[in-house]
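Before any questions on how it binds or moves, here is one chain, the form predicted on its own, in structure tokens.
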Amino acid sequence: MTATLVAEDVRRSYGDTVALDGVSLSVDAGEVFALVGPNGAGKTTLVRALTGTTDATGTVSVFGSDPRRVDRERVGLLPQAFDPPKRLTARELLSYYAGLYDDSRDADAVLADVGLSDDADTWYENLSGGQRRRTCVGTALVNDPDLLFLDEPTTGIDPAGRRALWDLLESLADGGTTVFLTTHDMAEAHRLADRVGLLADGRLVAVDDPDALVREYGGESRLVVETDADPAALDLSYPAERSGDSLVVSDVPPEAIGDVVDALAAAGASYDALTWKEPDLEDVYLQLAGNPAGDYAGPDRERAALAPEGSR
């Protein structure tokens, strides 16, 4: 495969704050590369460095050239913060951005791609948050780019719209478009990405295909039981320990869940809820990047899954 994007030892600081600390990576033509990491890890700064919109040391090559010298017709970019004129309709916005290129796609066709045909004549300020974000994605597609940068593209988009956008990105990649995206959505990264890179404290700490990352860093499957039971009082064949208000039984295959339930019953221990969890990219994220306060809500989602339906 020919590398569309190559970065070597990219560094960027803001005063005493190190945003990027020697990042090296390459992305092949037609590949989807997902960059994940905590807030403040340097993801947006890296996108800016790769697109030539911020100064950085090291080397960046896009289509074999300096990113500032690449034909802009070949690159699409959706920044994390993007605020187009609010008193234009979705169609007018896409038509405006299409007019910036010599050879662009039809605005209505792009609106259809991002699911906004029915709202094409609605002012941007009157669109919902998710519709605005889909409009912004459309502005990055009007030039039919060979390389597409998307910085958290599905933020604020409802589940149905998010999955429709995933289908669109998969279709673009199947057609040969190279996609570099940042995301906090681990399901999004796992579904879309050929490879995932995890950025923490300005360093790329792991890069591989999603399944390989889960195998290496995800840990064991586990059964989480909401109970006051003491693991020492249970006759279990699997390691068990308390974690907060729950009992965590590790490395339990699904077919052995009944054995754990039987052990609880034999010890006279009750439980309110249980869930079996297979390791996934969320576990990789937490293992390698930790869980800075206020950043990623993975453990909260797990706790919610344990709660009885009527309490959520």
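Start at 1 and count along the sequence shown; that's the residue number. Please read all numbers here as calculations on a predicted model, not as lab measurements.
Beyond what is shown, the protein has a form predicted together with adenosine-5'-diphosphate (ADP); the following relates to that form.
Note on contacts: among 281, 34, 62, 41, the single residue with a heavy atom within 4.5 Å of adenosine-5'-diphosphate (ADP) in the model of the complex is 41. Proximity of residue 25 to adenosine-5'-diphosphate (ADP) in the model of the complex falls outside the 4.5 Å heavy atom cutoff. Remark: residue 19 counts among the residues lining adenosine-5'-diphosphate (ADP) in the model of the complex, judged by a heavy atom distance of 4.5 Å or less. In the model of the complex, adenosine-5'-diphosphate (ADP) sits within 4.5 Å of a heavy atom belonging to residue 45.
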